[in-house]
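What follows is one chain in structure tokens, specifically the form predicted on its own.
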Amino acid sequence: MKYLITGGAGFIGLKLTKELLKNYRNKVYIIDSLINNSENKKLSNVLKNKKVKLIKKDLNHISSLKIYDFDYIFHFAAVLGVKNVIDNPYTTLKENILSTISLINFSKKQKKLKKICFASTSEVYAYSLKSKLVKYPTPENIDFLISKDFNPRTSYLLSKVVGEYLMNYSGLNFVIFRPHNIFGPQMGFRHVIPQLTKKILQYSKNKIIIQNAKHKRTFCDINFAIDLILRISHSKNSRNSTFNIGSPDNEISIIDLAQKIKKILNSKKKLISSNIKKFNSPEKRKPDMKRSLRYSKIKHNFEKGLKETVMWYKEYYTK
């Protein structure tokens, strides 16, 4: 089969590419502007496979791509990153919506397309949870709530809400994924696990302040997430539906997560909880995984994934 993955040089897109290549019959096209991935060694290794082709292109110019026989299209490309979104809300909203429209128009030209798979975000639940209007853990079938305050961070979740509507109105067979805190080696450096690892390894003082210490999350290992994404996307029963992609485990507080990382690193530094909120982060987030777990064939292993991730970043930071 032939696959197109937008944002394919990113963390999830690249892992998905590697998994697809385990079937020698598959061919994968990666579209990525490479703004954040120009020196990605993992990408370079993947590109050695003749079944992979990299197209360095902005999605707004995808109409010039003259390939019309993709079986599946995965849309992971987006303006993202909390600080980047807060600093550039207009660009975030504009680019994420326009790129999705461009990809839908391109997808409509495909003669063999079985499904377009759109990566939304767990952020779409943020205001509904804050206002206590939805169940917790959060199921997929909720009403969206948008804040009346023009918080710059809202630009990202709003662009994803619009993206979900575009998929529903596109006339294409689609599936929507809402990822929740997916982690693993080479996930980037702005996420909580690599940031905590760096702090514990490199901070010169013996006491480390942990921001948002009481906030709770479930963290989903990348291998479990990719297995779900592939099984759900290729199922006939998932057509025109939305699925949470996340961990089925219990929540863990950020301070407890830091303690686990500290133990893996065999550090003696003292961790101190801070009540100061950073980036207006949601206090808790846990997906209802009942719908998605029907497709699961492997068991989620948070402890194993966390150790592998922390040790990868330890090696990186201590080179």
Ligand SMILES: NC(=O)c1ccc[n+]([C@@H]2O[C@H](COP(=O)([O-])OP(=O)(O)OC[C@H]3O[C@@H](n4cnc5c(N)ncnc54)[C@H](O)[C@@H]3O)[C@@H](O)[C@H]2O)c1
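The first residue of the sequence shown is number 1, and the count goes up from there. What you are looking at is a predicted structure, and each value in this text was computed from that prediction instead of being measured.
Just so it is clear, the following notes concern the form predicted together with the named molecule, a form of the same protein that is not shown.
- Contact annotation for A78: at least one heavy atom lies within 4.5 Å of the named molecule in the predicted complex.
- Though the partner is left out of this view, K290 does not reach within 4.5 Å of the named molecule in the predicted complex, counting heavy atoms only.
- Contact annotation: I182 falls within 4.5 Å of the named molecule in the predicted complex, judged by heavy atom distances.
- Put simply, Y295 is far from the named molecule in the predicted complex: not one heavy atom of it is within 4.5 Å.
- This chain is displayed alone, yet in the predicted complex one of S120, T242, T138, Q211 has a heavy atom within 4.5 Å of the named molecule; that residue is S120.
- Residue S33 is the only one of S33, S281, S273, N26 with a heavy atom lying within 4.5 Å of the named molecule in the predicted complex.
- Just one listed stretch, out of 142-150, 69-77, 198-206, 168-176, contacts the named molecule in the predicted complex at the 4.5 Å heavy atom level, and that stretch is 69-77.
- If you take 1-28 and check each residue for a heavy atom within 4.5 Å of the named molecule in the predicted complex, you get G7, A9, G10, F11, I12, G13, in sequence order.
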